[in-house]
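Next up: a single chain in structure tokens, the form predicted alone.
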Amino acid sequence: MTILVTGGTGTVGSHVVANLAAAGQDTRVLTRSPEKAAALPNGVTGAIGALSEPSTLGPAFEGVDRLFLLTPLAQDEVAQGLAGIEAARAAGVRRIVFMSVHKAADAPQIPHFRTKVEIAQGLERSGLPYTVIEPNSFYQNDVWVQQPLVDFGVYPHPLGSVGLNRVDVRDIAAAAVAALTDDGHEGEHYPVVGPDICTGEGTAQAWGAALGSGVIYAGDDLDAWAQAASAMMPDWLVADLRIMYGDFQARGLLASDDDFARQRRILGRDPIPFDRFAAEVAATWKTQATGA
């Protein structure tokens, strides 16, 4: 059985690939970069192509039995997702696992939530067997703010005070691999959520405990966040994420008891808590700083 992973060199996809390879699965990664293909784990094959270039997908999908469809934050995300579904249909892929977003249908005003819903609808129309996993915001997004956390003692993501059941990408990968390799998940939509309600203030405190130093929350000012983010992101992405953070501040992104029960069916264990993640990352950062 050959499993193709799109986005297999990114934050979530790389964990999915590592887990599949560790389980002895014949794993293939779609990437536009020959350099990234050459750096894949032992036993993992690279296939040069891109969802944004449908003409490249035929050879990459040839002989594939199952697909992990991870689409990027992009202005043409829907087109990319539908291209992946069509390539899978043409190649005779027998199962697709698609990564959406937790409660995406409840927030269509957020552009990249809405695109996930549209891709999932295309998947339903395709007639192919599928499973959808729906993760909350990733813990690992905080890795990108190492400098403000470590150098300035500031947590900058404007999460607000309602809270989110953020999740570790290792749990997302475990759920994805189970959906790809185990039977009984066809047609299911699984939330993938963490055990803790993470607010802006609470997350700052957790990082302070992990780092052994004071960390303050930068606050809920979305204009200030957007101004800072515009130095690192294109305008369209800043606008998208500003809408998302505004929704987080107004409504949060919280898991229900039913979400946790459904997640246990696919994950088979308790999810990783935020403080464990933060402690592990903080230890890594300290090792890097000391060179030990």
Ligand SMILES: NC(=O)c1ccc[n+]([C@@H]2O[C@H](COP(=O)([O-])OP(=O)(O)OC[C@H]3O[C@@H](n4cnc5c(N)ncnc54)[C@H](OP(=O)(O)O)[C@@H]3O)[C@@H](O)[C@H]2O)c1
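Being a predicted model, the structure only gives us computed values, none of them experimental. In this text, residue numbers run from 1 along the sequence as written.
Not pictured, yet referred to below: the form predicted in complex with this ligand.
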* **Contact residue in the model of the complex, chosen from 181, 199, 205, 137 - any heavy atom within 4.5 Å of this ligand** => 137
* Asked: Of the residues 101, 177, 193, 132, which one places a heavy atom within 4.5 Å of this ligand in the model of the complex?
  -> 101
* Structure fact -> Testing 124-132, 72-80, 210-218, 154-162 against this ligand in the model of the complex with a 4.5 Å heavy atom criterion leaves exactly one stretch, namely 72-80
* 10, 31 and 141 each touching this ligand in the model of the complex (heavy atom, 4.5 Å) -> yes
* **Non-hydrogen atom contact residue 52 with this ligand in the model of the complex at 4.5 angstroms** => yes
* Consider residue 112 of the chain shown here, and say whether it contacts this ligand in the model of the complex, taking contact as heavy atoms within 4.5 Å. => yes
* Asked: Any chance residue 265 has a heavy atom within 4.5 Å of this ligand in the model of the complex?
  -> no
* Asked: Just to confirm, residue 251 within 4.5 Å of this ligand in the model of the complex by heavy atoms?
  -> no
* To do: Just give me the residues of 240-274, first to last, that have a heavy atom within 4.5 Å of this ligand in the model of the complex.
  => none
